[in-house]
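Shown below, as structure tokens, is a lone chain in the form predicted on its own; questions about how it binds or moves come after it.
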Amino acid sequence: MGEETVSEQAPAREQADPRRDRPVHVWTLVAIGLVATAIGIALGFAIDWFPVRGSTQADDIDTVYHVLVVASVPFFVLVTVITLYCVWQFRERPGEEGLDGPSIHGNTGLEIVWTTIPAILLIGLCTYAYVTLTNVEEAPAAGAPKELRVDVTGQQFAWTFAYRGLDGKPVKSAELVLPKDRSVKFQIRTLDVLHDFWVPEFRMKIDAVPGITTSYRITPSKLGSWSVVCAELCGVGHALMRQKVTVVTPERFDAWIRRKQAGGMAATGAAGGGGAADATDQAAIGKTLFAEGNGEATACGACHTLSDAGTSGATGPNLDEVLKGWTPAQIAEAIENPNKDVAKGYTEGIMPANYGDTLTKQELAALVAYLEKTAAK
């Protein structure tokens, strides 16, 4: 008798569930979805998300972004609208606390459809992105200006750059200068931890990985100056690992290379005089070391601003301001033991503590002589 009562009550309870009789506003949902999709795509195109386009590759990269917006917004709207509608339409109301809807198995065909369509879409988008990335990194066509190679070295917490000069000899710099409308291939390495070489205006970026050399190419298309950024957390000075890239005309770039090369040759000649270099020669050598480094030691100008050397690094203190009144002993101590007396506003570990090992005694003396001479101006 009890079993019959329970079995008779269950169907009656399911039939009495008021939620089963609520209307489903299909066309209303479709209209809302279409309007929301149109607004979302329009905003994705209208809002200026990115910095200025500074390379020919930037156009293709931005197009990939817009394709992703068009492909993803409808699915986001679909899921969001249905979810919010169900929360509103099928929410628990007073008096329905004990009700529970009938169990369902599902719809196998629908599950196949909503799995297959996104899978096809993802494969298509990945293929499109891969083809775009391959195309933008193609070598310049025959007849184009000869590609410029720049060796990029990352080290906590600065970038240094090396070019092949007009006579084939290497030219080092703490500032990245590039010619407009000429393909540039970056060869990127690191002397310590993982970094990431990125100029937002160029759109391209890649990790600098210990033990290997990575690369990519861009063609600057706009004159101007922007920031070189490390986009990989690399230590306490990561946020300050910024330098400047300047895009100039080909004529100005060749003139800049000549000046850099002439400065390096003058310093090398002063160092190779056979006897002890005088104070002027030492300062000339020190200026080159400050601006270019020595291959092991990062160029000081990569992290410090010093107008006499033409550097604008912002990782460390501005030496135009802090050097005044310093003695040679204080300058040498700050180079060899930078964590002993850290400048206000900076933390320990930002400046490498190995300059005592990566600089020879003669190089250290030349660098101190140069900074002492500059501080006295």
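Residue indices: 1-based, along the sequence shown. Everything numeric here is computed off the predicted structure, so don't read it as measured data.
Beyond the structure shown, there is the form predicted together with ligand HEC, which is absent from this document and is the topic of what follows.
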Practice task
Scan T311, T37, Q57, T315 and let me know which has any heavy atom within 4.5 Å of ligand HEC in the predicted complex.
Solution key: T315
Handout entry: Of V69, A42, A343, L29, the one that lies within 4.5 Å of ligand HEC in the predicted complex (heavy atoms)
Key = A343
Handout entry: L367: touches ligand HEC in the predicted complex, heavy atom cutoff 4.5 angstroms
Key = yes
Exercise for the section: Using a 4.5 Å heavy atom cut-off, state whether C300 contacts ligand HEC in the predicted complex. Expected result: yes
Exercise for the section: Indicate whether ligand HEC has at least one heavy atom within 4.5 Å of a heavy atom of L323 in the predicted complex. Expected result: yes
Problem - Contact label in the predicted complex: F157 to ligand HEC, heavy atom within 4.5 Å - result: yes
Exercise for the section: Run the contact test on L178, W198 and G224 with a 4.5 Å heavy atom cut-off to ligand HEC in the predicted complex and return yes or no. Expected result: no
Practice task
With ligand HEC left out here, work out from 29-37, 46-54, 59-67, 315-323 which stretch has heavy atoms within 4.5 Å of it in the predicted complex.
Solution key: 315-323
Fill in the blank from the handout: In sequence order, the residues of 187-216 that place a heavy atom within 4.5 Å of ligand HEC in the predicted complex are none
